[in-house]
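Starting off, we have a lone chain in the form predicted on its own, written out as structure tokens.
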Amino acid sequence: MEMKIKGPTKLVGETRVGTSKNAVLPILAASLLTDEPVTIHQLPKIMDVKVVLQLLKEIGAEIETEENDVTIRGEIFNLYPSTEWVRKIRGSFLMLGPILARKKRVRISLPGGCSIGSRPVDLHLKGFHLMGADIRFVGGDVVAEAPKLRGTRIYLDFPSVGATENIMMAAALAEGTTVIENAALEPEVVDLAHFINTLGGRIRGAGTSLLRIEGVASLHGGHYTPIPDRIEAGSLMVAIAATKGEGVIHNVIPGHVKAVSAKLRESGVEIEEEADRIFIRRSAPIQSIYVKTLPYPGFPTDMQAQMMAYLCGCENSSIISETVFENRFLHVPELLRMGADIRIEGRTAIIRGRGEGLSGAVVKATDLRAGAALLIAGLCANGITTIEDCEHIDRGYENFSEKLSRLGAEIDKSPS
């Protein structure tokens, strides 16, 4: 699949953020913690969600969809999810915790996903081991067995979102109380805790570095609407700012994008916030800034590529330091094809602004956020930009190109 963008353009109008990809994937996995029906509302129609739903079906869950809602009955008959599907996305590994908690045994392949650097699962497995699970590797798969999971104290060497979520799900049905120290603070972790508590779980401290999970014998069904996607919101904000546009973004929680808002304001963008929407406008030249990615509430690594594309329009030099993943500059060679002036020194990128000087070119989306960055660059470039492998964008953004088109972008998608 390829995408053609005609630039430069100016984005103007109103748009709405969809449901968070990074929140809904663990929530779908957590639906396996009960065999009673769970209904999740406003499910985003993206590829990653389709992959997880397919995995749920393969292990025995009953899935009923109606418009943007899905009802899941978490029956589990197959303890070995399909390797082919597990390796498609990183989020598939989050099924380990719920299946282990329910069925005492699981075999699952090491996960796939975007090639943005090492994302080891050792912290996940450390947590399960401390809770009493026997962990071993067989043929490239992880096999975990635990006749009884017991609550314990677990310190995470790094505040990993995935490890926090996976351990929290298993602990929800463990015997006794589990304490996770140095837990991830991300809003998606908080949302998962709220979801589990909606089903009868007992989780306290979500949003702090100390999570306390009191295990219960069973969970019941329920209804839940996940949070809006803060990365989609940030990407839309950056796209509007990059094109010197003006717009209103609805269904956004301003507090979740405060790091992005702060850096955009620092660069000269006007931003006004209300309870569930953000007004954004740029009328002045982009000012040079320094960005350093950090775990939440710091600047998100998932916004680094988009911000780099934006800073290519600055008239001076800016610096981005990537501290979360070591291989997240794969979009840089593609931006260079468009005339960007970027130098990489280790985990730091120096962007020498070219004003409005990018030119359309044929580029390739190497991962989800890189694809979004190239799309933003294409909106600002002179001429036609063709993005190959743009299906990466559809993995995590629901109708992203269509939303940009309604703001004035000229985008055409077609099979390559």
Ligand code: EPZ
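The structure presented is a predicted model; accordingly, all values stated were derived computationally and were not measured. All residue numbers refer to positions in the sequence shown, first residue = 1.
Separately, the form predicted together with the named molecule exists; it is not shown, and the next lines address it.
Taking a 4.5 Å heavy atom cutoff to the named molecule in the predicted bound form, the contact residue among Glu232, Asp191, Glu334, Asp302 is Asp302.
This chain is displayed alone, yet in the predicted bound form one of Val142, Leu330, Ile227, Val324 has a heavy atom within 4.5 Å of the named molecule; that residue is Val324. Residues placing heavy atoms within 4.5 Å of the named molecule in the predicted bound form fall in a single listed stretch, namely 122-130, out of 174-182, 214-222, 234-242, 122-130. Contact check for Lys21, Arg90 and Glu186: all three have a heavy atom within 4.5 Å of the named molecule in the predicted bound form. Although the partner is absent from this view, Ile27 stays clear of the named molecule in the predicted bound form, with no non-hydrogen atom inside 4.5 angstroms. The named molecule in the predicted bound form comes within 4.5 Å of a heavy atom belonging to Pro159. Heavy atoms of Leu368 reach within 4.5 Å of the named molecule in the predicted bound form, making it an interface residue.
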